[in-house]
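Only one chain comes next, encoded as structure tokens, the form predicted on its own.
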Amino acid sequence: MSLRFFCQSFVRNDFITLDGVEAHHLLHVMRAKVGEEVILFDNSGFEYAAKIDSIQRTTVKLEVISGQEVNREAPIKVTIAVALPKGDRQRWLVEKCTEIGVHRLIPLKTARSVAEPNHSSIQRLQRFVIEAAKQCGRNRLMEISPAQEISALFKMTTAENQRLFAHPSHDTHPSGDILPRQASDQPVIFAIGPEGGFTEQEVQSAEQHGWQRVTLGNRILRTETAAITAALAAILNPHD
């Protein structure tokens, strides 16, 4: 696969200039030369074949040769709302969600959260999305939403989505029992709690607002493992 680079602005002209992180990667990591060809994408769903026209110290000018729409998105829109884990596990979570086709990720603030999402951490997560999209070939970026309180999520999410939250209990339904019954084009939003799980008050709030409680098996999963398992169940299970 050709090297892929992300354009912050839409590709509309015959020439485009890369700067910042992407130019640094192309110039100082890949040691690119004039005349070499790369692939550009701009979050529009299109990807573009481009040739390096000129190189400056911190920028690269490229000639756009051709462009085509290439859809590598999942068949349904899946949102993962998750209480972020600590440290490098956040990067792993975002990378894998991007790779398997999650549409949107919402960092959650819950009673037992171990990591506090703020402006700088959200920006860092967005950069992880770009890097993962470059690697896996997505031409649309997974959206990273602003951090949201769990109570607000349960209250504001509309019934147009299939709304599920993971919570281990003897009376929960396995995810496979619920997901196949959704309409083929119905968006799914899956709420995943922190390591300590949702509190009973949070569980009651979810159920009062029409969310369905599910389990992801008979083992207790780490937050990031639960998020990936939920996303795969939603994307890969057959639909009505």
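The shown structure was predicted, so the numbers you read here are calculated from the model rather than taken from an experiment. Heads up: residue numbers just count along the shown sequence, starting at 1.
From this point on, the text means the form predicted in complex with ligand SAH, which you will not see here.
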- Message: Taking 4.5 angstroms as the heavy atom distance cut-off, pick the stretch from 160 to 168, 123 to 131, 67 to 75, 145 to 153 that is near ligand SAH in the model of the complex.
- Response: 160 to 168
- Could you tell me if all three of 86, 111 and 117 have a heavy atom no more than 4.5 Å from ligand SAH in the model of the complex? no
- Hey, in the model of the complex, does residue 220 get a heavy atom within 4.5 angstroms of ligand SAH? yes
- Message: Even though the partner isn't displayed, in the model of the complex is residue 63 close enough to ligand SAH, meaning a heavy atom within 4.5 Å?
- Response: no
- Query: residue 196: heavy atom within 4.5 Å of ligand SAH in the model of the complex?
  - Reply: yes
- Message: Contact with ligand SAH in the model of the complex for residue 50, defined as at least one heavy atom pair within 4.5 Å: yes or no?
- Response: no
- Message: Under a 4.5 angstroms heavy atom criterion, identify the one residue in 59, 215, 205, 44 near ligand SAH in the model of the complex.
- Response: 215
